[in-house]
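Below you will find one chain, with nothing else, as structure tokens; this is the form predicted on its own, and questions on how it binds or moves follow later.
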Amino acid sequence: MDFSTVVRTTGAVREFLDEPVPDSELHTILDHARFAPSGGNRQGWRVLVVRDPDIRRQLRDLYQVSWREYVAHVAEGKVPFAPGPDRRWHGPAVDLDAARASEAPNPFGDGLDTAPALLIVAVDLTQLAVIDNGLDRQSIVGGGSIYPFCHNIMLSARDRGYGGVMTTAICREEEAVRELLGIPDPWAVAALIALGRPVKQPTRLRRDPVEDFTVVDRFDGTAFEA
């Protein structure tokens, strides 16, 4: 595909055909993705291709627990685990124990273990230049050294006719995931990515126009227009 098509149609795909992703294709997807930028070009990522059916089922169950927490926030009109207007996180906005005990049907999560390709992306925390550490707000900068790589996986998959979704919900169960997969310190779980041939190829995404989020000189400046 041409570049414009790839970036304008790489949306979240959660329904896949019952068709495997050949190892050669997955290798090519990762081979392209590895050219993502990272702080100091340290490339502190590691990808786990999960094949074992039992491990897949356990990841599915862990994901579902996290999903229940997510849904409980949405049901209350909350952005899950978001900081407040003061830029700090003040703890859960819902009863997490109650949320984890409540069923939350989710076709994607229910069938997560059957995804054609299932990846866990881990990151070496000691390789992240977290420049905003110590600021009196929620830290975000460290993600700049891992999520461009994750998105490159999505873009590369789309370019080859596949689709997928990157989810960070699984990170709520990080310690269980690390134990299950033998992930040592100082590594953390950054994302779970499911890939496959889409049931329906994405053709058009809805996003705000440039003028809605780009301004000149100041945050309250005039809209930037061509």
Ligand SMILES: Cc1cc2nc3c(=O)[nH]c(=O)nc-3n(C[C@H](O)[C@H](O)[C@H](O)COP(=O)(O)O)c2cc1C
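What you are looking at is a predicted structure, and each value in this text was computed from that prediction instead of being measured. A residue's number is simply how far along the shown sequence it sits, counting from 1.
This protein has a second form, the form predicted in complex with the named molecule, left out of what is shown; the following refers to that one.
Residues placing heavy atoms within 4.5 Å of the named molecule in the predicted complex fall in a single listed stretch, namely 62 to 70, out of 62 to 70, 180 to 188, 35 to 43, 193 to 201. The contact residue chosen from L48, L30, M166, I55 relative to the named molecule in the predicted complex is M166, the criterion being a non-hydrogen atom within 4.5 angstroms.
The three marked residues, G11, F108 and R207, each reach the named molecule in the predicted complex, with a heavy atom inside 4.5 Å.
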